[in-house]
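A single chain comes next, written as structure tokens; it is the form predicted on its own.
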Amino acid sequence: MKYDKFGPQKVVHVYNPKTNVKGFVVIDNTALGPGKGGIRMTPSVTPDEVFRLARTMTWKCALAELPFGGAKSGIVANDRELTLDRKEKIVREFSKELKNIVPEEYVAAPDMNMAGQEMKWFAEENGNMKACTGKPKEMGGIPHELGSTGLGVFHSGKIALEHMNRDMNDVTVAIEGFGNVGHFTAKFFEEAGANVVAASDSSGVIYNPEGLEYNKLKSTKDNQGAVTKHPSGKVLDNPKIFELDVDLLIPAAIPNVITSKNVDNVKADLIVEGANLPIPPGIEKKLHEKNVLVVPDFVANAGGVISSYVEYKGGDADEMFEMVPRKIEKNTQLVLERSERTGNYPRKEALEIAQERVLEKCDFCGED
């Protein structure tokens, strides 16, 4: 975990030997407001991973001009091996241990293997509806299942295509990860006229240069559990999606998917990051040098935290569907125009904008 002038301000380790509940919270920076960030539950989650995600949230909230800082948390558990009762006990126990920092310093949300039900348990255990966002609708929540992140990724991509003077109707799209972010992103791009030709999940890649038809692909995924069961298309191994001859590539699943090993095989000239940290910054810079435009994660996928802000302040889904496109489009355009003006790759410019906004309000940030 790297400490610098921005933080992290606080790292909380949770361990209850009686219940064997293990986890941690990283509150990176609260200059703009309480640290905002989801809880992920995986057997391999580490404090370092959570710190990197918390730092991303610091920049994401600053760039989206939200009154939140950056934070993130992790629970060490294998969701696939848990009964519902055991999972509830773990989430409630974890929540109980955070009562002294929630919601004044930390506001939780869903992340990997966490959703509305888990946020319901978290809020109930804290006795405070502002303890987390992403709660069920009956608790005043705006569930992430409405597609706020995918909506933002689409609007970021739309602005990037306009910046490149590209016609949406002539664009081919490949989406890595057909989960909550990816399938909504596919839906919005198809509705706008783009041709989604490839999608992937843990089963592999389905590729059809003629197009996949969102409704059929979503039905296949829902009913048969795998995009590779789609009746029309060629099945490829997962890494091949990054090498397809498409205009727009959207990594929307896991970190570090484009690296030094495959960067030279990327053929898309636009990448919009739906996932967090899908490409190391050094590789983004190399892509920029090859005239590949990369819209960074904390610019493109901020729809989820914008939705969280709307919920946090008591708004509804209609307000979310208005605010996400407006903020995402504004900030994508700001970053791309500044990048074009300076010649620097977009992440560098986006990071400088976010840092400027944090430092303006930060009375505890140190010197370089």
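Numbers for residues come from their place in the sequence shown, where the first is 1. We call the rigid core the largest set of C-alpha positions that still match within 1.5 Å between the two forms. Keep in mind that this is a model prediction, so the values were computed, not measured.
Same protein, other form: the form predicted together with a small molecule, not shown, and the subject of what follows.
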property: Residue stretch of 259 to 267, 134 to 142, 155 to 163, 199 to 207 approaching the small molecule in the predicted complex, non-hydrogen atom distance within 4.5 Å; result: 199 to 207
property: Output flag, N29, K96 and N126 jointly within 4.5 Å of the small molecule in the predicted complex, heavy atom basis; result: no
property: In the predicted complex, the residue from T172, T220, N113, N276 that sits within 4.5 Å of the small molecule by heavy atoms; result: N276
property: Partner-contacting position among I254, M168, V235, L82 - heavy atom within 4.5 Å of the small molecule in the predicted complex; result: I254
property: Partner proximity in the predicted complex: V91 to the small molecule, non-hydrogen atom cutoff 4.5 Å; result: no
property: Touches the small molecule in the predicted complex: T228 (any heavy atom, 4.5 Å); result: no
property: 4.5 Å heavy atom contact, N195 to the small molecule in the predicted complex; result: no
property: Touches the small molecule in the predicted complex: T58 (any heavy atom, 4.5 Å); result: no
property: Core-aligned C-alpha movement of V324 between this form and the one not shown, 2 Å or more; result: no
property: C-alpha of L53 moved at least 2 Å between this form and the one not shown on rigid core; result: yes
